[in-house]
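Look below for two forms of one protein chain, each set out as structure tokens: first structure 1, then structure 2.
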Structure 1
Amino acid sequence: MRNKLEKIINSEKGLAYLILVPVTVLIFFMAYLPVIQSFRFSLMYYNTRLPWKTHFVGLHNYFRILSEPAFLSAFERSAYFVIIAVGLILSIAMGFALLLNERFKGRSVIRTLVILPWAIPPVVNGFMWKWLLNGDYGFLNGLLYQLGFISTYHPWLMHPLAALNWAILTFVWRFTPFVTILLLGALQSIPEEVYDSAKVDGANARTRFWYITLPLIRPMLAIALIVIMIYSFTVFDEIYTLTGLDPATKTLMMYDYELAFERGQFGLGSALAYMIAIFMFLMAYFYIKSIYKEVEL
């Protein structure tokens, strides 16, 4: 037995397996076991306030979620959040990436400063914006009042659509630097000779962008788009710290949190969580498939 163990340890393949075993076990218990457990909950009527009534209901939780008016409202807010956030982040990040790809004095310092918002934890970011937008003592009100743009302090988060838009802006401000770095890396992988040849042929900046830059960074754009969609569709920390469980900003993730942890309906909450995961997987799958299909053509 000892000789066999020494033989396994001395071989590269055996040593690799021995190292992977504890990691695999840890990942299973920390990641996959909760996923399996939550899927089991999604097939059951499970309310933490009524544990004695727990029983198997099959797909009933999924159909019940789809028929809830609150689900449709939350889905509309999530779709609005994703569409606006994706458009703003990609546009701003592309502009920053094109600017930082140029050579100018202090470029390295600017690149460092650009990534700073991404380093701020989401909870801290939400509380920071909550302080900025506070209707009684917020920085934004104080600044606008001092400059003479407003005569009285304004409750920026009072109106439902305004609250949702400010939540989007909070997310955009933090996530744009990450996408900027992704696109900047893609831009720097394009050889200078390609642009030099285009300039010789008389291509202006606009033509070079549409016919050289965009096609060459399309794979990275696809990755960035999918990442933004996933994060914006599942954003929770910033919205919760900014507005709490305000109905005006109740996205699908907020609604899921309310079901599971506020009402104790773990069965419905687990079903909604799986529906969100399936929806995001399908969106990512079909988009990646379409992108690579275009590349092959």
Structure 2
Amino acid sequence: MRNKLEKIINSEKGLAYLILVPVTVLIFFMAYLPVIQSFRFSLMYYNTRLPWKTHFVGLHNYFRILSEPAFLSAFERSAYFVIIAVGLILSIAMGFALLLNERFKGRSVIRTLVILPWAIPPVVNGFMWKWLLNGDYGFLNGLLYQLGFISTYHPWLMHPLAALNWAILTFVWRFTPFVTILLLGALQSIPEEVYDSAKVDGANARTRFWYITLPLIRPMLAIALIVIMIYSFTVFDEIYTLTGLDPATKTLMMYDYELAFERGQFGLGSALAYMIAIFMFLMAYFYIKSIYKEVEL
């Protein structure tokens, strides 16, 4: 047995088969089959509490979800979440990537520090902010009260729109560092001579940013944008710990979790998951396409 294995891995062909076949099968079972199965379930009435009632219903689940007011409001919240998160993260990360690309004392310390929020568990992040924002004794209330900005403590997470905004900020706080590092990498690949010659030609910092930096890091910006979109669309941990299944922060992802795992509606849940995935796919597709168009012109 041992000898046989040794014989296989010692030839190129054997080694190739040994890794390619199992991984191909694994990816099929863990990535492709679930996609196919999701589609199958999305066409069925499938409630885990009434398993004997499972039957084929065609596109009924899709129509039912689309006509549900809860879906529309969850969709609105998700769209709002993604748009605000993408805008905030990209602009903050861009700004700080530019700053971190400058030469200054203590740069490496700050670079290390800046990435920290990305490394901590999102659950910890959610709980941390839950306290910072707590209405009765939280940090933010205490701070603003001491500074004289507010005269009474404010329940930050009670108002629906405020709760959603804070959920976005909590996510932005964790995710910005990762994007900052991505963009910093792109910035560092720009040779310094390009800036030097532009400076000689009399271009000021702003012009240099718009006409040199931005076009050169555009591919990385596109990647960053898609990464942020995918992650902000599927945020779960932070919302779950910050506000739980509160309707105010019920995005499509939270709605899907509630449908499938709180109510046991696997059919409806699969249909919703499918719609979310298709929607994300289309966004990414059109975005990539529009970028390539611009490059070709």
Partner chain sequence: MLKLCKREKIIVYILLVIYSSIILIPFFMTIMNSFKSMREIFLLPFSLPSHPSFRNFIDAWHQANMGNAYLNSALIAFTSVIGTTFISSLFAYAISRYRFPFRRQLYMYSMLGLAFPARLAIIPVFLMMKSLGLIDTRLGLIIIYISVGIPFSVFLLKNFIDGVPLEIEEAARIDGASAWMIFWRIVLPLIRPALAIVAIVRFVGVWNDFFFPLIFINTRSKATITLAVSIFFGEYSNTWNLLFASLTLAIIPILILFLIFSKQFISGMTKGAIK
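All residue numbers here refer to structure 1's sequence, counted from 1. The term rigid core refers to the most C-alpha atoms you can superpose between the two forms while keeping them within 1.5 Å. Since this is a predicted model, take the numbers as computed values, not measurements.
Taken from the structure described as the form predicted in complex with the partner chain is structure 2, whereas structure 1 is drawn from elsewhere. Taking the rigid core as fixed, one finds a CA shift for Phe71 smaller than 2 Å between the two structures. After superposition on the rigid core, the Cα of Val23 moves by 2 Å or more between the two structures. After superposition on the rigid core, the Cα atom of Tyr153 is displaced by 2 Å or more between the two structures.
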